[in-house]
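Only one chain is shown below, in structure tokens, and it's the form predicted on its own.
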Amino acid sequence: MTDILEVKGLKKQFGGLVAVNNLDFTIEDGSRTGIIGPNGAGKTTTFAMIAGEHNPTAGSILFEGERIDRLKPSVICKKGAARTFQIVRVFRQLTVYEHIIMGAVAGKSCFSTCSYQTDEIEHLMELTGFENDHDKIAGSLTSARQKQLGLATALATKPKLLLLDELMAGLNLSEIERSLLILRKINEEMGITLVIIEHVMRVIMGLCKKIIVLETGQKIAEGTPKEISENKRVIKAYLGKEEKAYAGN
């Protein structure tokens, strides 16, 4: 398998605060990778650098072999890397259908000469549970549903790589199980590479083949769910207890 993403010596400093420091990892094309760690570990900052919202202080980010770490977010999106957000961001006055169309527009290299098939939008709406919500206003949705709308909108950009930042936060058990099914379809049927920041360990341990663990901006471990669940440093820094119940999934 080839690597779709390669992060080398990544560092981000905000004044005197080093949020990410000398971070190295690779993501295989078509894989499902989890990134975990305590609050303030640098997970979301790492996503922001990959997506072009922050420029690294040092280091490089390669997407499909091309450096993207100084490109604008819109350019990175058009190249095939999209993300969702930990704190919900929606265009509150748009309908659900209009909101997803915005994602389709954002993913195009041009709008006037390119068309996005209506049936593709309908498929995304059905996949994410919005098939009966075309005219609902985005701002009227619950926070959990707005996160799902963010997922549908990101998918409309036709990404090759999708960065998911705490998509499961605030969901109940049945909503989590439904979201897991959706993510498996996105990865296995649509062929989209997933990188997932999540605190819900049943999601990370059950879905991901590889897990990267951050603490104070640095990588402290990387491995399979089983290896991570048994890593004493990870248990001490984050898990608090072994997650063997999910490690074999």
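Numbers for residues come from their place in the sequence shown, where the first is 1. All values reported here derive from a predicted model rather than from experimental measurement.
The form predicted in complex with a small molecule is left out here; the points below concern that form.
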Check your understanding: Pick from 201 to 209, 184 to 192, 42 to 50, 58 to 66: which stretch has non-hydrogen atoms within 4.5 Å of the small molecule in the model of the complex?
Key -> 42 to 50
Check your understanding: Is it true that A19, P38 and H54 each have at least one non-hydrogen atom within 4.5 Å of the small molecule in the model of the complex?
Key -> yes
Revision key, fill the gap. The one option of Q86, T95, S143, S140 with any heavy atom within 4.5 Å of the small molecule in the model of the complex is Q86
